[in-house]
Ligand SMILES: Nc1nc2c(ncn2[C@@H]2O[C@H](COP(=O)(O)OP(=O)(O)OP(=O)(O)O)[C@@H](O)[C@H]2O)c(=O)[nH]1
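What follows is one chain in structure tokens, specifically the form predicted alone.
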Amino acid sequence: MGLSYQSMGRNTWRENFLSTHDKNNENYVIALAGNPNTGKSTVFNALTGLNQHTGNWPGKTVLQAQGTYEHNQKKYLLVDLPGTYSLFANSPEEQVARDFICFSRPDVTVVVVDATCLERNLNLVLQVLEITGKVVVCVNLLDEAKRKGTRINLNKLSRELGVPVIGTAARKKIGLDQLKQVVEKIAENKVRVNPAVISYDPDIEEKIKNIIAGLSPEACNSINPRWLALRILEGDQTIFEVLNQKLNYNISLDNEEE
């Protein structure tokens, strides 16, 4: 498989997305991701209160919600991403969530999961970890889990995922202060993370290695190279399009045999 790469400019995705007010007044940009029905909107509302506004994502009919909150005299812009089960861009919602996490490069991505059905939600967590290690997992609905007799070992889950895990019951405002504290530490690089890496079959790992070797240093500095290599290996055309449209990167594959 042949790979050609051309850089045509600098990253303007985040600059184009944020308003002038946001760029001038917010210290950190936080993405809020999660499956539908995890209480993600409740977390968003509890953190931002009335300091929020809605609209549509640029070029999409998908609803966009942003809000702000303050913590330790710092201002945070919280971007509530559409609820999705994956980041494979099979729907406009999935593409919006994927593109913002990958290309806007938020200072922290908070992934909200449902404590009552944790296993199903971890698929999205692992996909986000393939893009960025600046992640906090928010295990929400702990009160519902407790009522059903389910207990979550948050410390063990944190060790397995390699990123902080915070338990919350957002409707009761439980755990939100701790969530803010950990988000601050991740944003300021005060917490060491070691995100879990999914290992694939040896032949796939070899192809990933070869593709990464064909990427330019600039591409590797802008985007997680392993994640990009996986998307190239899949032939994900939506990635090629957004690289060209939003980042002015042009990646194309030829039909040469390796």
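For clarity, every value in this text was computed on a predicted model and none was experimentally measured. So that there is no doubt, residue numbering starts at 1 and follows the sequence shown.
What follows is about the form predicted together with the ligand, which we do not show.
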Query raised in the report: Looking at K146, R159, K75, R171, which is the one with a non-hydrogen atom within 4.5 Å of the ligand in the predicted bound form?
Result: R171
Report task. Identify, from the list Q52, S216, N37, N210, the residue with a heavy atom within 4.5 Å of the ligand in the predicted bound form. Result -> N37
Report task. Look at the stretches 64-72, 38-46, 191-199, 229-237 and give the one with heavy atoms within 4.5 Å of the ligand in the predicted bound form. Result -> 38-46
Requested in this report: Using the partner position in the predicted bound form, report whether T109 sits within 4.5 Å of the ligand, counting heavy atoms only.
Outcome: no
Requested in this report: Find out whether any non-hydrogen atom of P164 is located within 4.5 angstroms of the ligand in the predicted bound form, and reply yes or no.
Outcome: no
Query raised in the report: Would G83 show up as a contact with the ligand in the predicted bound form if we use heavy atoms at 4.5 Å?
Result: yes
Query raised in the report: Looking in the predicted bound form, any heavy atom of L141 within 4.5 Å of the ligand?
Result: yes
